[in-house]
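To begin, one chain is listed below as structure tokens, in the form predicted alone.
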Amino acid sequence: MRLEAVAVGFGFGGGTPVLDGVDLALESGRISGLTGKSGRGKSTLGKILARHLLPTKGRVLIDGAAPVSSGFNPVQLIHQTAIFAVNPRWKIGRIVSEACLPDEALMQALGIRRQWLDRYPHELSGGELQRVALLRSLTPRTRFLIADEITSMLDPIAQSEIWHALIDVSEKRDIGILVISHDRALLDRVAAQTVTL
């Protein structure tokens, strides 16, 4: 499967375009990197690929066709701060099962303890909650994951554990991953190729 941005442009409120004529192609089972200076539109492009924003020019294609606008989105986006992506009034078990039943093997790979499922988001650390966000996003129907600075606020051990798990998931499930990061050392370790925006 292939996810493409074709001549994508985007501007907020008719101002100076944040993106202009951007082309990018992601393949299933391959980890790609995206880097560049702040303000160049990396996160905006990630949101466009995951259909959180619509491009003002160009288009996004999955296997050469426009994505279906309703139903499950096979392109999932994970942000830097997971607390903003969850309902604070729901327990973790409900948050995860909103997408699918928890995958035991993936829970283990991500270092998620079963007792976390009975807790609320504020009862977990940032690193623990990021693992939960990944678990929820990596459903059996997910084909691409947009990972926007997802480990930049975590300690080195947590970063290593999460990336080892994601590399394994990408290979076993044939999931394409776009790693958006300022950290070139990380991109050199995990990505097969890196594009600078």
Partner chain sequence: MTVAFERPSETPSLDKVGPVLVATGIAVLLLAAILLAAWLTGASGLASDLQARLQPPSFQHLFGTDMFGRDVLARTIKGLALSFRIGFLAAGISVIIATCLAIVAASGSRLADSIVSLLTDMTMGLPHLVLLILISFALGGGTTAVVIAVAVTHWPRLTRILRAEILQVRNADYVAVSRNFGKSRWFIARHHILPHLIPQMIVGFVLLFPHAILHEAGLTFLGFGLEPGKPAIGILLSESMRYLMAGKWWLGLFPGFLLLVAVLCFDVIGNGLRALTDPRGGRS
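Since the model is a prediction, treat every value here as computed from it, not as a measurement. Positions refer to the first chain, counted from 1.
Not pictured, yet referred to below: the form predicted together with the partner chain.
Looking at H52, you'd find a heavy atom of it within 4.5 angstroms of the partner chain in the model of the complex. Residue contact with the partner chain in the model of the complex: T44 places no heavy atom within 4.5 Å of it. Remark: L117 does not count among the residues lining the partner chain in the model of the complex, judged by a heavy atom distance of 4.5 Å or less.
Within 4.5 Å of any heavy atom of the partner chain in the model of the complex lies no heavy atom of T35. Counting a residue when any of its non-hydrogen atoms is within 4.5 Å of the partner chain in the model of the complex, the hits in 85 to 99 run A85, V86, N87, P88, R89, W90, R94, E98, A99.
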